[in-house]
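Shown here is one chain on its own, the form predicted alone, set out as structure tokens.
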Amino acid sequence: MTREVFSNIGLWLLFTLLIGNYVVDLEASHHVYKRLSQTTNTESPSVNQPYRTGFHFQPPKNWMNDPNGPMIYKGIYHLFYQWNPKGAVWGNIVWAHSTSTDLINWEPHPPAIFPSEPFDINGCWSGSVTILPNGKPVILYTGIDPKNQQVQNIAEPKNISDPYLREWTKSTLNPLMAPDAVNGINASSFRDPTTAWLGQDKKWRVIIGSKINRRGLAITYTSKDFLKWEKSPEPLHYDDGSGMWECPDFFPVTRSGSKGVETSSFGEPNEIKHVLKVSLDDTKHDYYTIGTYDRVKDKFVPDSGFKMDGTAPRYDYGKYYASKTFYDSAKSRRILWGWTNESSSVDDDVEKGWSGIQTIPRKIWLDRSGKQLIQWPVREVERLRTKEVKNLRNKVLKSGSRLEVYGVTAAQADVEVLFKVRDLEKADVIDPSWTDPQLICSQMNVSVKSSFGPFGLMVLASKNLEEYTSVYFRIFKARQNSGKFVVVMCSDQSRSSLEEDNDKTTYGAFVDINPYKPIPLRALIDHSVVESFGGKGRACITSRVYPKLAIGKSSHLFAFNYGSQSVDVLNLNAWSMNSAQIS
């Protein structure tokens, strides 16, 4: 949640007293560091910290995780998020709250929800916002009761005429949904209600993430009035081997263009598809399936080839979790938010005084093929562009060459490059056993040469390349003389920092594009985060890196080709980025 600049000191002291002594060790996504999470951090971190981002959303200090209840209300965008006001590790969670007119610059408000009642006294966990037909927004969220059970609660704005919705009240009817022996719900695995939607029968529906043994579940509840909820006999969908389904999301997408549709929208299957996304607690990744929603049976049926487990496609193949979408009615688009945690040690997080950021909000839509989702940073982020470099056109990158991009602030930049390869018949044949792109990228890091690749960008690089993060492509033949190719996109962090304690995992994804056509790559670079978009958003990888040398003005940016065949740079545009106002 954005900045912790609370003007009302008395209110802040009340929050601190209410949440100060409640830390529970439940089955959750994040380990609870009890000693640290109860330590009040009273001083804001230095503004000169090299790893704080310039245009990504993050509060001025302390721990942040899941985005909650994003929406637009009376022309104002709202973002709630999980936040610890007392330290840089998970614990003492409240719903922090910020608003914006452009999804990039944010104004903080006091927390909207904090532990205060028996139904949430041990924690206020993730949830969603639903806009009712009368225009009133309501929050459904998970609370932890005195028995450490996960229950579902509702909160309503105190003053709906306030476009900033600065005060929220909790219903005396809470909890609205609770586990019991009759319905067979696991009391420690029952959380994160979605945005609700209206069925043809005028009943509201909402799903909640759960599990029974190894079966992951999207449990459905229905209601006529949004207050009295009844559990459906069968879940919306399940999988027997995937484990706990956290932060589920369920929404329609249209097959005609990139416009979004409202969450309760329906149409013929050839017009509207549905997306079910879950955050798998076992893997800490977000997965989605595309399919058909049977409104009569209240069942989601994945399309052929989709299965809701670790084999499903991911929004992002790097550090990206607990994502949430909302329908932006002002611009007829669906917006995706995602949480990115740190790759540094807990001690480093405590020392710098903060942990966690939100990625740049992305517009998300269904590809024309109907087989995958496309993501692209919201256009508003381009307003931060400045100092454009446009003179890198029609350059040939020979084998083993690098081309430095001068004239931009390489530590805070937006880069778009268009590559072209020739003589694809010279591509290496991929090993049939290479079905895991992350394994390919790990075993064939940037130092391993193939015919086509690695070629791409070196970002957050030191002058002499003691440190760099490489984002690149490789192209393989699917089979000898088949005429089909496999494109792999990698984000290699193995050389990202001289600091040895950081997580330097290398990430990889297959990109469903035609390599005979130009191959686009975009990178949003922001001090300690690199968001990469391959094939115009067909594959996305977010990395967290903490260079020791390549910081500030000492950071460099290169286009490179270490493959044995030459690669053309048809066009490369780069912009220094101004900082957003998030304080």
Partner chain sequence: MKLIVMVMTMMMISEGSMIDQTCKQTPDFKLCVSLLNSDPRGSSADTSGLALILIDKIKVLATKTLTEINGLYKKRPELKQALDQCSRRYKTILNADVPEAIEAISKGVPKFGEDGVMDAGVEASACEEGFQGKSPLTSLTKSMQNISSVTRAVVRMLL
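Positions refer to the first chain, counted from 1. Note that the structure is a prediction, hence the values are computed from the model and not measured.
What follows is about the form predicted in complex with its partner chain, which we do not show.
Contact annotation for N481: none of its heavy atoms lies within 4.5 Å of its partner chain in the predicted complex. In the predicted complex, no heavy atom of T469 sits within 4.5 Å of its partner chain.
When its partner chain is considered in the predicted complex, F326 lies well away from it, no heavy atom lying within 4.5 Å. Interface membership of E268, defined by any non-hydrogen atom within 4.5 Å of its partner chain in the predicted complex, is ruled out.
The single contact residue among E234, D501, E382, D294, judged by any heavy atom lying within 4.5 Å of its partner chain in the predicted complex, is D501. Checking T99, S462, N148, S264 against its partner chain in the predicted complex, a heavy atom within 4.5 Å turns up for just one residue: N148. Annotation: in the predicted complex, residues S223, I290 and D303 none come within 4.5 Å of its partner chain through any heavy atom. Residues with any non-hydrogen atom within 4.5 angstroms of its partner chain in the predicted complex fall in just one of 554-562, 534-542, 514-522, 57-65: 57-65.
Along 205-225, residues K211, R214 each place a heavy atom within 4.5 Å of its partner chain in the predicted complex.
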